[in-house]
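You are given structure tokens for the same protein chain in two forms, set apart as structure 1 and structure 2.
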Structure 1
Amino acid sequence: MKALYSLFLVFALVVVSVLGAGAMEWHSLFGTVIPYAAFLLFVIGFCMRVVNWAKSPVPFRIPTTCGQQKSLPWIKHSKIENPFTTSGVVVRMLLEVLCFRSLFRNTKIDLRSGPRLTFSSSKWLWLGALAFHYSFLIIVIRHMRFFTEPVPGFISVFDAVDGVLQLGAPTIYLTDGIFLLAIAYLFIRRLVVPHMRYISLVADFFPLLLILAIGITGIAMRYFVKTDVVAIKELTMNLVQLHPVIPEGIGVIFYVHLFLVCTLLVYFPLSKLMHMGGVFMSPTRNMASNNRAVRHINPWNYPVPVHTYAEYEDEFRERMIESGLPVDKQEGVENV
């Protein structure tokens, strides 16, 4: 049911954009107003989440460790798995961000006859996540040619390498196929595996189906439904130059694709997709494990006004003596 709810939401978004941009011809709304609003909400929401994480106090060092901590000289130290220095933290963070190292270590647990609990390697999830994220990244970089004029050279390089298997026109991109296969695998995995289906929520299915819909509409627009690419380029350049003019000849499917992208931008800061920024702010990843060598001082500490007992007694000594309360220091005489 949770997957059906998510599918219904995505389908409703498609219907809204078809009716709005197609039947009602609200091209200015779907071509300029909604994209600008979605971009602003994405930037503001993303920054607010990151700043909120950055302001959270971290009174203790809590790095995750998967190896031997630096200790005695004759014990081999795991410099990357249990970094002692900032350089070790940077290397571990790069491996985490670029290679999904923690996901690579993911294990699968099965309950078999006996009963017997077994642990085994689970590399398919790591491979699917890696394929999805990198193909998505390359697709986003390729799309930058619609927002730049002249197109930077590195974008043309990505475009040429991605379309190396060109058989005709239009160019068939490798990442389009990899992207659809990867996102389909991640969705089917949650749907088919019983324990994954049990713990999955609408918030898990919805972004997968939304991104899948974005990919399908984009591929359909490129290979199956004729669209005016020149007009789309003119629209995107107008948006970038803050001169929102809608050219003629843009098909409805483009507005559907754009509306789904805008929905993803608005949903992004509110969802689990914020792990893109959160991984850099996680104290379990960005801290060195040197608790025994370096005293950790919370950098978020601020000066706290302290009123010591000596100051308190100086302020109320006469009243305390009049009330018969013991004091540490008499007038001109200090008690021992």
Structure 2
Amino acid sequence: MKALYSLFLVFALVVVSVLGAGAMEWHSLFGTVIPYAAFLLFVIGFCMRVVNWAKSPVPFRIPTTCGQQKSLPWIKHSKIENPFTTSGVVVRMLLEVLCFRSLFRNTKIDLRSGPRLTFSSSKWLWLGALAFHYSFLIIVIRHMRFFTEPVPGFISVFDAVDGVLQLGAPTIYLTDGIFLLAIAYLFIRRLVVPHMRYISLVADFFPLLLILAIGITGIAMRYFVKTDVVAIKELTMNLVQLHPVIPEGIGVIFYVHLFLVCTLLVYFPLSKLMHMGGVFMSPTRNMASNNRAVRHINPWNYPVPVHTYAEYEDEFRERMIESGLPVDKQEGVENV
């Protein structure tokens, strides 16, 4: 049901753009106003979210440790999984952000009669997530050739490597295929794995379908519905150079693609997609585990009522004396 809602939403977005840019020919609205607005909302929204998180302090240092602490010199310390220094933290974060370290650790549980539990390694989610994020990244980088003139060398390199499977013209990009497969996997997983379906919200299906639709329109434009690439490049360059002029001859499919991208940009800071920024902010991962050696400060620490020794002794003094426990005060006389 939730997947259907999301599908319907994405479909509605497509219809809006087909009607707006196609039937009504509001090209400057869809080609300049909306993209500018979306881009601005994305940047401002993203920053605001991160700043908002950063405004809340980290009162306690509570990293999740995944390895041996630093203690006695002859005990091998796990420098990365239980970092004691900033450099350890940096490596830990890099592993997390670039290699999805925690997902790599994933296990799957089976219960057989007996009862007998078994745990097996389960790397599909890791693989799917990694494939999705990296192909997405490469596609974004490849797109930079529309926004730069001359196109920097490294973008062309990406382009060439990605298009190494030269099966006729236009070149087929490897990432396009991987991207579609990965996103389909992530979507289907949510639909068919019962507990995944159970925990999923509209907000989980919607971005997947939106991104899928972006991918499909992009691929369609490249391989099937021919559009004027030169005109598109002209449009994007105009956008970047801040003198928006819309060239003639751009197909509706491009406006649909662009509109979906704009939707994603606006939706991004409002949603769980902010995990992109959040992963850097997570105190269980981005702090060194050196609490016992270096004092961490809680900015809102405040005094609390405590039960002092004097109060304690007042209550139990007689019995303490009887059982031979030393006391501070004896029958009203200070005993220092």
Partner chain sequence: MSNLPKADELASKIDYMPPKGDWMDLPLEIKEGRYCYASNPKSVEYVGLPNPRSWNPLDDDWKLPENWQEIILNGMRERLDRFRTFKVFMDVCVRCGACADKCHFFIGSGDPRNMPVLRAELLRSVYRGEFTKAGKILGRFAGGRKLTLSVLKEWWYYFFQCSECRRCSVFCPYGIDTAEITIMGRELLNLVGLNIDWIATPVANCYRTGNHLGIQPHAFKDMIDFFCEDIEEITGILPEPSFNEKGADILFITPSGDVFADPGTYTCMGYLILFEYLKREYGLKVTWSTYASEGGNFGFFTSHETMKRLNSKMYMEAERLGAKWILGGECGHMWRVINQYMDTMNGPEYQKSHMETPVNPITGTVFEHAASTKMVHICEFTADLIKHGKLNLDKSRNDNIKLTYHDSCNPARGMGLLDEPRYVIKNTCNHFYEMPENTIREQTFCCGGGSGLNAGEDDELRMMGGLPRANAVKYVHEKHGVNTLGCICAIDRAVFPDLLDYWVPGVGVTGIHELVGNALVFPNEQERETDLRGEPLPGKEDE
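Basically, rigid core = biggest C-alpha set you can superpose within 1.5 Å across the two forms. Worth saying up front: this structure is predicted, and the values here are computed from it rather than measured. Structure 1's sequence is the ruler for residue numbers, which start at 1.
The first of the two structures is the form predicted on its own. Residue 147 shows a C-alpha shift below 2 Å between the two structures [criterion: core-superposed Cα displacement of 2 Å]. In the core-superposed comparison between the two structures, the C-alpha atom of residue 25 has shifted by less than 2 angstroms. The Cα shift for residue 310 between the two structures, taken after rigid core superposition, is 2 angstroms or larger. When the core is overlaid, the C-alpha of residue 323 ends up 44.2 Å from its other position between the two structures.
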